[in-house]
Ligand code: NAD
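For reference, the chain that follows is the form predicted alone, supplied as structure tokens.
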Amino acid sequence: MYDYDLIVIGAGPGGSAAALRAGKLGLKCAVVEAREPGGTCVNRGCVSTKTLLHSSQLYHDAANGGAAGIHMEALRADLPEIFQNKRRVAQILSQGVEAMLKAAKIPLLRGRARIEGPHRVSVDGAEVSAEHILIATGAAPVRLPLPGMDLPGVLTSEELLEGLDRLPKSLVVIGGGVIGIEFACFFSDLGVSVTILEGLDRLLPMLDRELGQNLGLILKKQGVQVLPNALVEGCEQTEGGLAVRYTVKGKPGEALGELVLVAVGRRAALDGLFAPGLEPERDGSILKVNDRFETSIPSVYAIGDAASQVQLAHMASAQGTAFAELLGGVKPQTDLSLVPSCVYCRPEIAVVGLTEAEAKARNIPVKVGKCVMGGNARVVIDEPGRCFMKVLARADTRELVGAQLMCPHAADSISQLSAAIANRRTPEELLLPMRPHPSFEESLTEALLDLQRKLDAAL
């Protein structure tokens, strides 16, 4: 007889979703958490960075409101207060996760977990048992194995989110992915001189090429120095600040900053999780799991960043729910192959499904409809920079297979396209609903009409 049907290690988006769903399905659960409920997303990741970006957006809008007739005197950004607001938001949401677990009568076991074997977990040395064990421990920032990466002032995203007592005059960001871009936008909005070093040929290299190229142009107009193809070799402390050495196509260069942010990715947080001699199979740095999320250790499962290359909170949450449903004998409802991704820069970016390059690589015939939103009334009013929407459909069946949006509130608009792709909708079906004017979304109608014309021409 086990103490629980399910023990979940980690109270982040994936772990809490799994426990709550399993509890509703009648399973006796417990959650182990060594830090704050809510995990990285709420306390040291996506929610925290969005809170900072909300503050910097307010400052940017106030500082640049002259064209709209808004003039501010003695405007200032108080960085300790900004970070205090971030902590306030994180605390509210963290307490919310804890309250939901309590209301569901799911014990929250405080301490560091170690899996001692199938069905056995110790929490700070005290052992408990469960028929099933779920690993939902998330990921931690990667540190570059280069000279000078341990110098004072060279920070990971989690270290930076702990707070600063004042604004730096300059910042070098190593990495032009989502994390690096969002911090670059935050500091640039507040008047900090920002340099981004990206090793590949454009920002956001994992997304559609036009998105990264367009973002690079917008950031340059905002005063950010963007250096693609920059291979970082190390960092030194100099009289002028921290000097990040790099080469671009063999030519050496140097970027100076009062602070350096290393934002080159995250690795599954698995250190100390398994007892000596107990080592599950891995797929690179993540745990290898089957289609039921089970690892090579019987009764031990893994979701989220611990077992997926897609390191997104909503992916972990969807996997957690699906795992609990499989465990409870219920067919999962969410399509885990269709994952929207968002970047909270200005303007926002949101994507789902295939890009044109990905479709070509898979030999899927597609047509692309596009609307450049220069004539959109909301874009003219807000002046967020060049905005556009792209939608892709199969040339043979007309079913939508992908979408890329770059405009304000893109993250709030992408779900309708995710639903359309999941349900194999065509442009004709998406053109049925009327979209309000003025709105950013009405440009989707223009993109769909363009797609429809191209599909018709291909017949």
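As the structure is a computational prediction, the values presented were derived from the model and not from experiment. Each residue number is its position in the shown sequence, starting from 1.
What comes next is about the form predicted in complex with nicotinamide-adenine-dinucleotide, which does not appear here.
S.K.: Select, from the options 251-259, 325-333, 123-131, 180-188, the stretch whose residues sit within 4.5 angstroms of nicotinamide-adenine-dinucleotide in the predicted complex by heavy atom distance.
M.R.: Stretch 180-188 is the one.
S.K.: Give a yes or no on whether every one of L6, C41 and M315 sits within 4.5 angstroms of nicotinamide-adenine-dinucleotide in the predicted complex by heavy atom.
M.R.: No, the candidate spot makes no contact with nicotinamide-adenine-dinucleotide.
S.K.: Evaluate Q311 for contact with nicotinamide-adenine-dinucleotide in the predicted complex, applying a 4.5 angstroms cut-off between non-hydrogen atoms, and reply yes or no.
M.R.: Taking the distances in the predicted complex, the answer for Q311 is yes, it comes within 4.5 Å of nicotinamide-adenine-dinucleotide.
S.K.: Do A230 and nicotinamide-adenine-dinucleotide share at least one heavy atom pair within 4.5 Å in the predicted complex?
M.R.: Result yes; A230 sits at the interface with nicotinamide-adenine-dinucleotide in the predicted complex.
S.K.: How about L278 - does it come within 4.5 Å of nicotinamide-adenine-dinucleotide in the predicted complex, if we only consider non-hydrogen atoms?
M.R.: No - in the predicted complex, heavy atoms of L278 and nicotinamide-adenine-dinucleotide never come within 4.5 Å of each other.
S.K.: Decide whether A377 counts as a contact residue for nicotinamide-adenine-dinucleotide in the predicted complex under a heavy atom distance cut-off of 4.5 Å.
M.R.: Contact check for A377: no, nothing within 4.5 Å of nicotinamide-adenine-dinucleotide in the predicted complex.
S.K.: So which of V89, V339, A104, M206 reaches within 4.5 angstroms of nicotinamide-adenine-dinucleotide in the predicted complex, heavy atom to heavy atom?
M.R.: After the contact test, the surviving option is M206.
S.K.: Only one of C387, C235, L160, L197 gets a heavy atom within 4.5 Å of nicotinamide-adenine-dinucleotide in the predicted complex. Which one?
M.R.: If I apply the 4.5 Å criterion carefully, the residue I get is L197.
S.K.: Using a 4.5 Å heavy atom cutoff, which residues in 138-168 contact nicotinamide-adenine-dinucleotide in the predicted complex? It's fine if the answer is none.
M.R.: If the 4.5 Å heavy-atom criterion is applied to nicotinamide-adenine-dinucleotide in the predicted complex, 138-168 yields only L144.
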